[in-house]
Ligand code: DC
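Shown here is one chain on its own, the form predicted alone, set out as C-alpha cells.
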C-alpha cells in the first residue's frame, strides 16, 4: 500500500509524511516506511558538491547518481557510512538541488530507486512527482500547498538558513519556477489528487485532514 504526497518545499510534506508513517498501518496490519525522494536528490547534490562535480553538469552528475551509495537504515538516509539527513538543507544544497533534479536521466535513476525501496512495503512517499510519475496508481495521493510568504516564514523560523526572510522568499520563488517547468516530473497537481492548502493550518490539522480522507476512502 502506498500513500503518495507531493507539493513544493515548506508545505509540511516531510513532517506529515513522517507522522503518517509512524502512526498508520496498512491493510495487512504492517507499519509504513517513510521515503523522502527529495532527500535522495539532496544527498546526490551533497555528494556532487563534495567531489567537485558541478551540479549543472548532466553527464558527471548522472555518473555520480548511478554510483551514489544511498541507503536507508532505521528510517535514516545514509550516503555510504554517513548519516546525512542533517546536512541536506544547507543553503548550498538548496541552491543546487532543483537544477540537478531537473536532469531527466537523474530523475529516472532516483525514481527507480524509490520504486525499489517501496516494493513490497507499506510506504509513505513524498516529493515533487510521486503522485504523477512514480506512483500514479497509489492508493492515496495528496498534494500539499501553501503561499510563498508562509513557506518562507516557516523556513526562516527553522533557523537553518543564513539568508534573510526576503532572500528566502526569492529563493523559494526561483525554485518553484524550476520545479514547475521541468522537462519531466514537473511539480503539478495530477488528476484525482486531493489538494490541501496548509497556509493557515497547523501540522496537526493537516494530519487530521489526511487521516480522515484515508479512513473514509479506506
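Quick caveat, the model's predicted, so the values are computed rather than measured. Numbering follows the first chain given and starts at 1.
The following text describes the form predicted together with 2'-deoxycytidine-5'-monophosphate, which does not appear among the structures shown.
Checklist entry - Picking from 22 to 30, 52 to 60, 156 to 164, 38 to 46, which part of the chain touches 2'-deoxycytidine-5'-monophosphate in the predicted bound form when contact means heavy atoms within 4.5 Å? => result Of the stretches listed, the one contacting the partner is 38 to 46.
Checklist entry - Is residue 107 close enough to touch 2'-deoxycytidine-5'-monophosphate in the predicted bound form, meaning at least one heavy atom pair within 4.5 Å? => result Judged by the heavy-atom cut-off of 4.5 Å, residue 107 is in contact with 2'-deoxycytidine-5'-monophosphate in the predicted bound form.
Next on the checklist: When the contact criterion is heavy atoms within 4.5 Å, does residue 113 count as touching 2'-deoxycytidine-5'-monophosphate in the predicted bound form?
Outcome noted: Contact check for residue 113: no, nothing within 4.5 Å of 2'-deoxycytidine-5'-monophosphate in the predicted bound form.
Next on the checklist: Within 4.5 Å, heavy atoms only: does residue 210 come near 2'-deoxycytidine-5'-monophosphate in the predicted bound form?
Outcome noted: So residue 210 does not count as contacting 2'-deoxycytidine-5'-monophosphate.
Next on the checklist: Contact with 2'-deoxycytidine-5'-monophosphate in the predicted bound form for residue 175, defined as at least one heavy atom pair within 4.5 Å: yes or no?
Outcome noted: Yes, residue 175 lies within 4.5 Å of 2'-deoxycytidine-5'-monophosphate in the predicted bound form.
Item to check | Residues of stretch 102 to 140 in contact with 2'-deoxycytidine-5'-monophosphate in the predicted bound form (4.5 Å, non-hydrogen atom) | outcome: Residues within 4.5 Å: 107, 127, 128, 129, 130.
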